[in-house]
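For reference, the chain that follows is the form predicted alone, supplied as structure tokens.
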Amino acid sequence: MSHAAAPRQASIDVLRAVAIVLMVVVHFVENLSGWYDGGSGPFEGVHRVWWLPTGFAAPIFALLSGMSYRLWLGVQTQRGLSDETISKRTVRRGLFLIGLGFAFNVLVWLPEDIFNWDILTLIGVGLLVLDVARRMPDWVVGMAAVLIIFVSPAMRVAVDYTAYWQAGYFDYDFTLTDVLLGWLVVGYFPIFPWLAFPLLGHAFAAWLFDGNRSGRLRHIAASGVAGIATALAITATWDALPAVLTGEGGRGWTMFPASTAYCLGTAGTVTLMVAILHQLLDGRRDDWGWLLDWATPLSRHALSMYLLHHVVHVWPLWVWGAVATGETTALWQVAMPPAASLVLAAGFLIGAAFFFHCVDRRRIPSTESLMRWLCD
């Protein structure tokens, strides 16, 4: 989720740390207590915790992966590495994340979910695509991202998206067609439309970290506002829009599927947040030492955090269910009240912050260092 060895930008570190906090809270409460409600689409009739801050962690991670890659590219170029070497390192990193994503699915979510196409496989594929996109003009990359967002609803209609979702979960058969459609359109984080986020991040990074300061902030702020305004307009006129523009599986703002309004609204919000934090924090690390002392270790070890927080709360859930009932998934989403899972999430975040401070001080190997050792 992060690209070590790139120059550290305080804005990216803080925003990625915010995404980690949101991710941990959502996953603890979702997996231990349940959280969806009776709306329309694939989550109809499923319980929801109304205060859960869902929907923003994944877009932040995906968009920042494109920004981090852009910064990483700059470091490789400054070191005098050839284009071929950079491509090899990029491809190895992408394949590492894809392989890690499959292993994660098997070891955490059990073998039947190996092809659920989670965020790790998305970011891995995103790196492979960015190796091609980095040779293109930034405006072409940005337009490709927007096109991906707007063609995705029609693709969901064409493949009958809702047929692959049961009671709020992606349900597929082990066939080549279902596996490929899950990767492209109907999984948790399919290429259409989620690939748009790393592409947008890659293009936006040029505005933020290259060229005139006032000009780049103005451009990215305008893009963020435009994304949010368009999302609001789509949501307000939803009933009047044809299915080819709205797709299937929910109304207005939905994460599963990632609707057009959701993609534009979250992308716009994240870019505005990056612009604001860039103005406040970048180049002023000494003024924000207390904040960065907390955020930087979490950001630097975002990939390890993603893996660790699942292991810490999902594995005990499986063991508890198997021992108590004989069924591994018996306590899934019913293990405890939401307030209790929230307390556990807070405890994990505090412990993880101290743990990764220790990892950095003592230079303990991590998933990120393993990726660098294998791929660079």
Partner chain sequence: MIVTDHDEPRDAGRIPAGLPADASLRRVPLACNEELLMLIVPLPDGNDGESAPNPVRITETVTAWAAEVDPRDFTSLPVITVPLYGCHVVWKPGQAAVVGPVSRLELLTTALSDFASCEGELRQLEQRCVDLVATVEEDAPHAFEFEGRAVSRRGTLASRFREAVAVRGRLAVLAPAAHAPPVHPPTLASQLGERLRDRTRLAERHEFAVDRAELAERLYEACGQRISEFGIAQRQMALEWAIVVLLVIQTALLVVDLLSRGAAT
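Positions refer to the first chain, counted from 1. Fair warning: this is a prediction, and the values are worked out from it, not measured in the lab.
The same protein has a further form, the form predicted together with its partner chain, not shown here; the description that follows concerns it.
**Prompt:** Given that its partner chain is left out here, which of Leu292, Leu100, Ala144, Ala221 has a heavy atom within 4.5 Å of it in the model of the complex?
**Reply:** Selected residue: Ala144.
**Prompt:** Looking at Leu73, Leu281, Leu232, Leu184, which is the one with a non-hydrogen atom within 4.5 Å of its partner chain in the model of the complex?
**Reply:** Result of the distance check: Leu184.
**Request:** Sort through 174 to 182, 293 to 301, 266 to 274, 224 to 232 and report the only stretch with a non-hydrogen atom within 4.5 Å of its partner chain in the model of the complex.
**Result:** The contacting stretch is 174 to 182.
**Prompt:** Candidate spot Val311, Phe348 and Phe356, all three in 4.5 Å heavy atom range of its partner chain in the model of the complex?
**Reply:** No, none of the three is in contact.
**Request:** Give a yes/no on whether Leu107 approaches its partner chain to within 4.5 Å in the model of the complex, heavy atoms considered.
**Result:** Heavy-atom contact with its partner chain at 4.5 Å: absent for Leu107.
**Message:** Taking any heavy atom pair closer than or equal to 4.5 Å as contact, tell me whether Arg135 reaches its partner chain in the model of the complex.
**Reply:** Residue-level check for Arg135: yes, a contact with its partner chain.
**Contact flag, Val159 vs its partner chain in the model of the complex, heavy atom cut 4.5 Å** = Output for Val159 is yes: heavy atoms within 4.5 Å of its partner chain.
**Touches its partner chain in the model of the complex: Ala167 (any heavy atom, 4.5 Å)** = Contact with its partner chain, no.
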